[in-house]
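This document opens with one chain alone, in structure tokens, the form predicted alone.
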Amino acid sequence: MTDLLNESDFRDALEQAMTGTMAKDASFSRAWATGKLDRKHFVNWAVNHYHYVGAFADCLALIYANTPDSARDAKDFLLQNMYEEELSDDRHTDLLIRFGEVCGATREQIMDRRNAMPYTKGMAGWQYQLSATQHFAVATAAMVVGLESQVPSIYRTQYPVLIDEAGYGFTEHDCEFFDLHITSDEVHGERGYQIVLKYADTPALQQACIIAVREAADMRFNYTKSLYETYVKPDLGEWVEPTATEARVASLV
């Protein structure tokens, strides 16, 4: 039987569970960060991302419902996270729609789930099922550690090229969705770690959290890879990572 891990070893295990399947390393993310995408590709990203993250606050609510009153710090975090997603001055999905509209989409196009990939719909269903049925620490491990904590590392490679005049040439206002999430999700990710470290207090719960993080990272990596396979590969072919020289030249064009 697996022994209870100390906090340091448990955190290391959670972090290692994402190794090799970080969404920032998937082909669509790399094509984005190296300036290979067109605005039509961003439209497709916005449509799918809306149907991936649009349900996030709902899933947090399901986790909240399964969290006992004795875990007030966890419940308070979930409420704050839901508030920032849905009720703050800038509703996150509205910022996402704004970016999609700048790229040429309509609000109706983005919100119509028929325009999303089957993989995206499946991932949304996975999030609902996991959030509704798993122990709150396990669900937090998946949704916050495995998915949300990755966001800053993804957008730090994508945001600068979006607003660079030599890159995609968007304005900071166009791209507020990304700038906001670099900072907010860094805070959320760390708080998620602290909740999991505190409340996964048996060997079985620890192992379930590690498995949930690995599964979540794999889901997000393959979702991001599917974006490339579905929308970009017909234009650019199989993804080949640019050499350092090619990437530097591309950044100057």
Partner chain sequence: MPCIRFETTDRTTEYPAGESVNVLRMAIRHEVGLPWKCGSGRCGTDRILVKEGADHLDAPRRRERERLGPLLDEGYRLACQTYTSGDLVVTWDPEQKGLDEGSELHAKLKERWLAAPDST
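Numbering follows the first chain given and starts at 1. The structure presented is a predicted model; accordingly, all values stated were derived computationally and were not measured.
The following text describes the form predicted in complex with the partner chain, which does not appear among the structures shown.
Under a 4.5 angstroms non-hydrogen atom cutoff, the partner chain in the predicted bound form has residue 193 among its neighbouring residues. None of the heavy atoms of residue 126 is located within 4.5 Å of the partner chain in the predicted bound form. None of the heavy atoms of residue 157 is located within 4.5 Å of the partner chain in the predicted bound form. In the predicted bound form, no heavy atom of residue 58 sits within 4.5 Å of the partner chain. This chain is displayed alone, yet in the predicted bound form one of 211, 204, 187, 65 has a heavy atom within 4.5 Å of the partner chain; that residue is 187. The partner is absent here, but in the predicted bound form a heavy atom of 172, alone among 112, 164, 76, 172, sits within 4.5 Å of the partner chain.
At a distance of at most 4.5 angstroms from the partner chain in the predicted bound form, all three residues 80, 87 and 179 contribute at least one non-hydrogen atom.
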